[in-house]
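One chain comes next, on its own, written as structure tokens: the form predicted alone.
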Amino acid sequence: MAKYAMVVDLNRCQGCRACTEACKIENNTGQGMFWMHVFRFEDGAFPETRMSFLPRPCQHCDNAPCVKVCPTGARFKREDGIVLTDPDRCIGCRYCELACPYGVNYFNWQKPKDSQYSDVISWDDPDIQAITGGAYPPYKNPDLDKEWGPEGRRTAGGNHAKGVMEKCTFCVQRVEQGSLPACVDTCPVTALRFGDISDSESPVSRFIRENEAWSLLEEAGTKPSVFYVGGKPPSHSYKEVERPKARV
């Protein structure tokens, strides 16, 4: 059985956020939802400053606290290490959001149609419909509504229903068809790598072995499946200059 992991090479990341855009298009996430978020940090004091960037998807933890607290089994971990949410079982209690130390969970406050940037774009506009062919929302991915894995559970889609939790899925709908997650496939500088770490000779395993890798919040004991190479963990010497805005 494969065990999937992602490696983020901070020496290569330029903060272009192509991964963020690819994730939103592939997974059809709603307004204000960023399953892949790129933090931007400023180190030092002006004029001797340095910018650095840190992409942060779901960490797909081996010891996932979100799985432990879910009262319905909607949040679960597959044998291949991917942590997913079954929207058909989620009751919207948001325990997973509170338990996660990484802040990767998003709650659907609105119906899917209402959260697709409808306040800034009119999908009924004839000019837009000429491009989308009348589909709503544009770029809707039919793979998101399929059942994936031996569990036969609908796990991949963004914006399934109001009142359920969402997060990064490692693009399970792509992985099971032999493709890379959208963020990895899109990165123009190969800062993101993905593969099977149960195979010691896989490219991602070799990359981890040949470099000094670290994980976010290792002290939390969550055992993330996302590893970082280069840079250094955020500390008191870093000042975060851009944060995601909370939904209210």
Partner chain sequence: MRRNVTAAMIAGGIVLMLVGYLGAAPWGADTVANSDPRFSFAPAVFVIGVIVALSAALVYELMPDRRNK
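In this text the structure is predicted, and so the values were computed from the model without any measurement. Numbering follows the first chain given and starts at 1.
Quick note: we don't show the form predicted in complex with the partner chain, though the next part is all about it.
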_So, residue 68 and the partner chain: in the predicted complex, are they within 4.5 Å at any heavy atom pair?_
yes
*4.5 Å heavy atom contact, residue 148 to the partner chain in the predicted complex*: no
*Although the partner chain is absent from this view, report whether residue 72 comes within 4.5 Å of it in the predicted complex, heavy atoms only.*
yes
*Looking in the predicted complex, any heavy atom of residue 64 within 4.5 Å of the partner chain?*
yes
